[in-house]
Ligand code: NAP
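Heads up, the chain below is alone and in the form predicted alone; it's given as structure tokens.
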Amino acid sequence: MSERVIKVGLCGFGVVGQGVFNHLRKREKLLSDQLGARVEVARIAVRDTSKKRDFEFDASMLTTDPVSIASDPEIDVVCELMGGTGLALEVTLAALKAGKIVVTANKALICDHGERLFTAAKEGGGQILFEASVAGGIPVIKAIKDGLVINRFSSIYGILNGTCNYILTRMTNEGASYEKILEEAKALGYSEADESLDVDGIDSAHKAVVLAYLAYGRWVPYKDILVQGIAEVTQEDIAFAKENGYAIKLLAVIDVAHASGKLYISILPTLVSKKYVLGSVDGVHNAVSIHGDVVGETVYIGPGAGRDATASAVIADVVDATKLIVNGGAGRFVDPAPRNGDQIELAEPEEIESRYYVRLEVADKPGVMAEVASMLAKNEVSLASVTQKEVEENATSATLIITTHYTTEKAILEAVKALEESSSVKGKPFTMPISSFED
């Protein structure tokens, strides 16, 4: 009896696509022995057929039409590795409607169109697997939907962007500026030419939406998430963090309030205690902490991007797809999230509590400190500490660093707005939460 062949079509043959191709080819016999079927890359969609690639392959496999791969009856598994939400959406929908299994690393696609894609998969008898869309090589999606399936989740905290973590780590270790390290990160390939998706928190927000759906069953619109990037972090903030046992991390918080049961999601630079494991995850690594009511806390740490890390996650989904096909389970879509997620309400800013760090530049004149304290008090923000470094005798401005007692997100946002409008405050104050994680 001849060995069964599962044919894979790669839509996109950039860094990740070539990594998937290379590792599938190198591990072909190992996978065949494990799966009882041979996994073969049969077709590849590219934008430019003449472009030089890193690995040798049969040029007859190439096409410039990824939709033709999605609709090809000979293709069993379609790997969408193009990125974006235009052509990638068209290809993915076409494949799902044709009853195929789609594997994607595209977090923006899942975030923006997840509900539509899942409906198409259900109606067409297809499947969509997306392990590589969040945290690169860390199997956090499988952990939530499979390994921790019996748990109800109280919170998920994550460092979900390796570029931001790399920049903040080097700012901390070397004392260099954000701008200088960002340029070097671009040169090393850690950040795209347009870095905004990374450093403005957009990439992390897309991933947080996906994790929130898996854990709680509700698609949260991107516009409903409080998102702030790392561009405003300075060495003054880094110094405060060091002196007080914190690290600054761009932290995704997905939390369900104990009292109200409402869901909260944010992406914010955050002071995280160095005693807590996420406070010690440095470099390009990602980390996700998941709190379940049965298992307690589990933490996943590893490379969050790059050819091999992402290819590893894509291939894991290709393997799962092959098992579904071989075992006859490929034709029935199963939603990976809990049911009735729409019943979970989103928390309002007045329901979110935290301590906060505030840095502001003020006019160096008598009465300013009292004015700042008064504006904070009017917005129900209580001071825990105030620090001001000594300035020159003829200085016209000074930097204040304030920490607060617990207050609400609404209160701190309104207080910062009032400070920004004051003639005694120069520029926009910088604020971030102070983590309250327990060991």
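Here, rigid core means the biggest group of C-alpha atoms that superpose within 1.5 Å across both forms. No experiment lies behind these values; they were computed from the predicted model shown. All residue numbers refer to positions in the sequence shown, first residue = 1.
The same protein also exists as the form predicted in complex with the named molecule; that form is not shown, yet it is the one meant from here on.
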| query | finding |
| --- | --- |
| Candidate stretches 29-37, 366-374, 44-52, 409-417, one within 4.5 Å of the named molecule in the predicted complex by heavy atom | 44-52 |
| Heavy atom of A208 within 4.5 Å of the named molecule in the predicted complex | no |
| Partner proximity in the predicted complex: K100 to the named molecule, non-hydrogen atom cutoff 4.5 Å | no |
| Exercise: A305 in contact with the named molecule in the predicted complex, heavy atom 4.5 Å | yes |
| Contact of K107 with the named molecule in the predicted complex (heavy atom, 4.5 Å) | yes |
| Contact assignment for the named molecule in the predicted complex, among I325, V272, M82, V256, heavy atom within 4.5 Å | M82 |
| Sole residue of Y356, Y216, Y190, F333 within 4.5 Å of the named molecule in the predicted complex, by heavy atom | Y190 |
| Joint contact, V16, P66 and T310 to the named molecule in the predicted complex, by non-hydrogen atom at 4.5 Å | yes |
| E348: Cα shift of 2 Å or greater between the shown form and the other one (core-aligned) | no |
| Displaced residue check between the shown form and the other one: D48, CA, 2 Å or over, core reference | yes |
| Core-aligned CA displacement of D224 at least 2 Å between the shown form and the other one | no |
